[in-house]
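You are given structure tokens for the same protein chain in two forms, set apart as structure 1 and structure 2.
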Structure 1
Amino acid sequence: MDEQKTTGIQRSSTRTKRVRKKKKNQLPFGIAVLVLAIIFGILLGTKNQGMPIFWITGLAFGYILQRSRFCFTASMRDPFLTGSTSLTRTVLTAFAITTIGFAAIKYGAFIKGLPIPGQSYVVPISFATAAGAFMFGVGMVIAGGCASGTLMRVGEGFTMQILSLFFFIIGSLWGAHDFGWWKLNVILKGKAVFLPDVFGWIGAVIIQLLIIAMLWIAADKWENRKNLT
């Protein structure tokens, strides 16, 4: 009996030591990576003056995504899996802010008689839109992340995301190869809709913000209902 107690005490003390084991200081590694990033940015600047800006912007976005755990996939997936809509509401808030910002930029160019930036992205809505959205949505849920989330987790060393990134590249190349056929036979048969042409600039912004607000309220009510059940 005494031997069993002694053995139990030894095991619990061993577990305590393991739990209290100090984490390895990663500060030197962080400083080394920062120095390498700065050196690489300087080297990019010798080739092209604009490249360091892209490099810094990419690093900043990656850091923000990693620290905030921001993921478009989770914003659409979590309401159904966990009932949480915090990311969903965050994405909707971002959409509202960018709606105002992009509308201001486009309207500024419009009243000056300049080409409206970004009009090449106003493309016809067709069956390809729905099919692509469904396939991409299924792929994102299975892979556990969208393009940004996959890249972020590759940097964290997740093996599954490395595999996802590989097939993401394969799928993108395949899609680019077949895009001409889809555009000619499916996409161009749809109709492009630019909301300011239909509702006017102010009306388009108000309608889009109202839709976003209704989705935000619906997401909030969804989470509250899930918490009550």
Structure 2
Amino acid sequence: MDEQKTTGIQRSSTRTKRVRKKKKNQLPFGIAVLVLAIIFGILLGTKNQGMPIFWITGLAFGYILQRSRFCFTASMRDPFLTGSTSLTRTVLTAFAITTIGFAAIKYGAFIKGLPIPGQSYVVPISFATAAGAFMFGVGMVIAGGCASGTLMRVGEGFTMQILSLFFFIIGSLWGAHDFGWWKLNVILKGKAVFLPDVFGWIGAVIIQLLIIAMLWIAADKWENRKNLT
């Protein structure tokens, strides 16, 4: 969708102009925090060489999420709640790009006979996956942000998300406490499925991209169907 500019729209004649208080310019504070963040990154590197990459990517993820108003919660919630699928489609696009990048990295390691990186993210599918995802879905809509969204909104100054982050941590601890039970009774019954094992490398990537494309089209159709009424 085109990015629409906020200027050039006819202002209602009844609109009374009010006097605004003078805005402060926060730009200097932004630059100051940025400089401090860079210094922190350098100091971090002297302590542990592996850490600056995490710091830099974290800052980048936070900046990108905030600047583009990216929201995984909205991508799942809006199709139902407001009928808008613009974020849903964008998230699907991100899935497609990342799928290609990840597949290339993983395949690169595979043909060299090296261990495939990131395979710990290919996890067993069981009732726990369904229950966990469902709980997460309910929670993120109510709390107004998922994990990354909550962190981002803490940075933006939301008190509500500071509270939900705290209880997210408590909930995580609770989940970790019960994890042994879930693992023994539920998760062990499940099976991890790495798509290239089933369809081959090329097949898995093609099938996944086709599914993403189909969902993208379905989302687009859903949005326009809603608009016609």
Partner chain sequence: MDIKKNKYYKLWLKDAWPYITGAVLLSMFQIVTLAVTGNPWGVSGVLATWGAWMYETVGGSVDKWYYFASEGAQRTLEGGFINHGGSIRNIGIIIGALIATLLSSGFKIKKLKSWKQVVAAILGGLLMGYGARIGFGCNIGALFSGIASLSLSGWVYALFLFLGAIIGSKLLVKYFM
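These numbers come from a predicted model, not from an experiment. By rigid core we mean the largest C-alpha set that fits within 1.5 Å across both forms. Residue numbering: sequential along structure 1, first residue numbered 1.
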Is the form predicted on its own structure 1 or structure 2?
1
Relative to the superposed rigid core, does the CA atom of F70 travel 2 Å or more between structure 1 and structure 2?
no
Per-residue Cα shift, F54, between structure 1 and structure 2 [Å; core superposed]:
2.9
